[in-house]
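There is one chain below, alone, in C-alpha cells, taken in the form predicted on its own.
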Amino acid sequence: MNYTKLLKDYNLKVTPQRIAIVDELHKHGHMNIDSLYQVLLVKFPSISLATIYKNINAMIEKVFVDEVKIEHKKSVFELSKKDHAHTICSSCGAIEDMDFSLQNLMKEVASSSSFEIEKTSLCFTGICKTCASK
C-alpha cells in the first residue's frame, strides 16, 4: 500500500510519523492510542502522546481514520472503510470487523425518528471462539 499517496489523497501532510501510524493501523486493524504509542516509541524515541493524538485527530477530521468507541474501554482506531459493525470479545478484547451494510438500519432509524442519520457505529459484545473454548 502506498501510504504517501494515500495521505496526499486525503490532503494530509506526509510525515514519517503519519506514515508509521497508517502502517501500524493497516497491520493491526484496530489499535488504541497506548498500543500505538508503544509501537511508535521504538521507531521514534522522542515521539509524544500529544503528537500521536494530534495526528490521529487530523486523520479523523479528514475521514481517513475512524474511532471505534467501546463501552467501558479505551477507543480504538482503524483506517476508514465502508460502513461496517464490530464484534468485541468481552474476555480477551479481540475486535473483528463484521462486513454487512448498515444502510438499511440507518434508513429505518431515520424513518422512525426526527433525525437525518449521517453515520453510525455498531458494536456487538460477546465471547470469541478462542475464549469460549477455554
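Everything quoted here is computed from the prediction, not taken from an experiment. Residue numbers here begin at 1 and follow the sequence given. Think of the rigid core as the biggest set of C-alphas that the two forms share within 1.5 Å after superposition.
Beyond the structure shown, there is the form predicted in complex with a further copy of the same chain, which is absent from this document and is the topic of what follows.
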Contact flag, residue 124 vs a further copy of the same chain in the model of the complex, heavy atom cut 4.5 Å = yes
Any chance residue 11 has a heavy atom within 4.5 Å of a further copy of the same chain in the model of the complex?
-> no
With the partner left out of view, is residue 34 within 4.5 angstroms of a further copy of the same chain in the model of the complex by any non-hydrogen atom?
-> no
Using 4.5 Å between non-hydrogen atoms, is residue 98 touching a further copy of the same chain in the model of the complex?
-> yes
Of the options 70, 40, 79, 56, which one has a non-hydrogen atom that comes within 4.5 Å of a further copy of the same chain in the model of the complex?
-> 70
Stretch 111 to 131 - residues with a heavy atom within 4.5 Å of a further copy of the same chain in the model of the complex | 113, 114, 115, 116, 117, 118, 119, 120, 121, 122, 123, 124, 125, 126, 127, 128, 129
Indicate whether residue 19 shows a C-alpha shift of 2 Å or more between the shown form and the other one, with the rigid core used for the fit.
-> no
Inspect the rigid-core superposition and answer whether the C-alpha of residue 123 shifts by 2 angstroms or more between the shown form and the other one.
-> no
